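Read the single chain below, which is given as structure tokens and is the form predicted alone.
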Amino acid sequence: MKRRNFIKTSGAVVAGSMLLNPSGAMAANFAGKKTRVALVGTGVRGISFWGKTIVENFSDIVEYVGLCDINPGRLAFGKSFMGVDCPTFTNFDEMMKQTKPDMLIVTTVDSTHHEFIIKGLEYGAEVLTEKPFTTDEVKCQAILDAEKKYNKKVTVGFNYRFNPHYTKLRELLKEKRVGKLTSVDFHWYLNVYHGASYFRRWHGLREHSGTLLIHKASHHFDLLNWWIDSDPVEVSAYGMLEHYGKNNPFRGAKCRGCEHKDKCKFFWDITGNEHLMKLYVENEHHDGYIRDSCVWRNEIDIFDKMSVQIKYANDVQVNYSLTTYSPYEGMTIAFNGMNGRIDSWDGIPWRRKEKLEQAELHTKEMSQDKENKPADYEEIFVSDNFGETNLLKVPRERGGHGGGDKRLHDRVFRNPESPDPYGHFAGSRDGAMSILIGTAARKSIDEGRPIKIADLTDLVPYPSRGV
């Protein structure tokens, strides 16, 4: 793969233009026409988040013209579940040639994202892909080259950016509330239910997911890039598989019918979920994919604990960790600045208890509206050096990802040209930088050395993204 050195200023202009307006497919709305959308990958994420939800909320401006999947059974169920009346295809090229969509949405297995993104661009569509952007640096470069070649744009569905809690952190950092940012401590905890689910599915194999440093952590790395407003330059990491996979005295092929189910704390009865039974179990015979595979199977080769150090072009240093077998689900984050510190968290159980206890103390003083009870907020503590600590309360929304899902959808489909002062909308450069951290971390673990981001693709890291 050829390395091309870009002039710094011109590269920044290109990156900025992609960030501010990554998708032009919705221009049809302004001409009074519905945007023609095709979807490839009819798993849960595709037919629900980018499928049925879009049909229910945006049918006045969006029209599904095609669905594609290698599994004809999942394809038929997906069409019925979404409630659409469009042709279905098991051949992607046939779908693109026949339907000629304005926008292609990619929700396939991570390792195949690049194939459909590149082909979608070649067929003249704008492309919206689920995270991660792709799973390694070679595929990443191929997407970047295709975007330039075909003069179409790729948007990455980073819904976490749109969460009001995370947006408030971005606002505080942008206004330098605690002075120049110097370092960040970021720790994410997956509980034994959510965390284990990745090891049951195709995500447990590196060849499909690129490891959770790509599939899951690209969300977190994108948030870091966005909050810090700079690009990563060097990554060092440690990681191991010490809980799931081969680290158990017994195992089976899948949970259904497993002889060890009575003594396995991770036994999961998929038969109790009608939706997953119809989507996956009833269609196993088409492609052999097992949705409730054993979390102890020997072929699992991803990490279940990860620790990453990232150095940014603006000299900010980050300590990040991901744990996949925690008793609770949540995150903690701290931003250290020259003049103070910002602390926040999400989902930490004793923090929730503290908020509830405070709510009880002030019950008589609060509104009787149960939807606005004092526990319904996220906390951000801002501490000034030689000063005091102030609590900021961000109203908590109960929708998907704290309200981020709806805001992302609105931005993509309803208001693509609306002002974006905090740079919520993510383009190809954002997607690339998020997975390049994960790629570098994986390489660092495998090779036992620090990895420089600039050695992976032709993207030049910049001290400031200018957003």
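Quick caveat, the model's predicted, so the values are computed rather than measured. For every residue, the number given is its place in the sequence shown, counted from 1.
Beyond what is shown, the protein has a form predicted in complex with a small molecule; the following relates to that form.
- A heavy atom within 4.5 Å of the small molecule in the predicted complex is found for exactly one of Lys148, Lys176, His219, His275: His219.
- For the residues Gly404, Gly43, Pro416, Gly427, the 4.5 Å heavy atom test against the small molecule in the predicted complex is passed only by Gly43.
- Contact with the small molecule in the predicted complex, defined as a heavy atom within 4.5 Å, is made by none of Ser197, Arg206 and Trp268.
- Residues with any non-hydrogen atom within 4.5 angstroms of the small molecule in the predicted complex fall in just one of 297-305, 242-250, 151-159, 317-325: 151-159.
- The shortest heavy atom separation between Phe116 and the small molecule in the predicted complex is within 4.5 Å.
- With a 4.5 Å cutoff on heavy atoms, Thr107 counts as touching the small molecule in the predicted complex.
- Of the heavy atoms in Arg201, some are within 4.5 Å of the small molecule in the predicted complex.
- Although the partner is absent from this view, Ser344 stays clear of the small molecule in the predicted complex, with no non-hydrogen atom inside 4.5 angstroms.
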